[in-house]
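Before any questions on how it binds or moves, here is one chain, the form predicted alone, in structure tokens.
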Amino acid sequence: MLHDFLNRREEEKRIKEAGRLPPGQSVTLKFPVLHYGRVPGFNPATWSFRIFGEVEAEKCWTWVEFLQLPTVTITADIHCVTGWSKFDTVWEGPRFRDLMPLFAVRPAARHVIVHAEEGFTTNLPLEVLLDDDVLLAYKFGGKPLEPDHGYPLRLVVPRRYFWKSAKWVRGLEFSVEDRPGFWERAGYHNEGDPFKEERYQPQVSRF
């Protein structure tokens, strides 16, 4: 117990000195599990991932087809709105930006609505998703994601608070207009930049 505490304090000191720890955050060496509702089941025979909205040609992959897409591996820091940060996490999956030539986004598209199981959504500007480190990940630390962490597929957007990295993702809708998602409608900030501490909408209390 004491050994774990000292390791965490040493890690936090190193991260702070490197300027990698956003304000109001503390370092964790674990990977906390946070989500609303149940963990959905997964049937590879019926699972699909859909691209739709402001694109020239909609796209839909089965699980087997999705696994054939080229992948990259990234190392990234992740930051939860509840106050923990985990550093040097390793993810693998198709890079968002690399998929775009497959469905030709229309010029009018400015936003992406992320659709996940149980009707959950979150929203992001298209330009944010074009960062080099944004993935549709199905591996963490070299192994398939655990169900609690989004298996079979989650979005990973390291430069936003981690609720924007939706678990159990099933589709991306390209849109002209922004549409706040589940947590954004409940009072979380629409942008979610951890270095700006964009946790909650102004004058909305935490719940």
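Keep in mind the model is a prediction, meaning the values are calculated, not measured. Each residue number is its position in the shown sequence, starting from 1.
Omitted from view is the form predicted together with a small molecule, to which the following refers.
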Exactly one listed stretch (172-180, 57-65, 148-156, 41-49) reaches within 4.5 angstroms of the small molecule in the predicted bound form by non-hydrogen atoms, and it is 148-156
* To do: Could you confirm whether Leu136 comes within 4.5 Å of the small molecule in the predicted bound form, counting heavy atoms only?
  => no
> Taking 4.5 angstroms as the cut-off for heavy atoms, does Phe87 touch the small molecule in the predicted bound form?
Replying inline: no
task: Classify Phe120 as contacting or not contacting the small molecule in the predicted bound form by the rule of any non-hydrogen atom within 4.5 angstroms, answering yes or no.
output: yes
- Query: Counting only non-hydrogen atoms and a 4.5 angstroms cut-off, does Gly141 reach the small molecule in the predicted bound form?
  - Reply: no
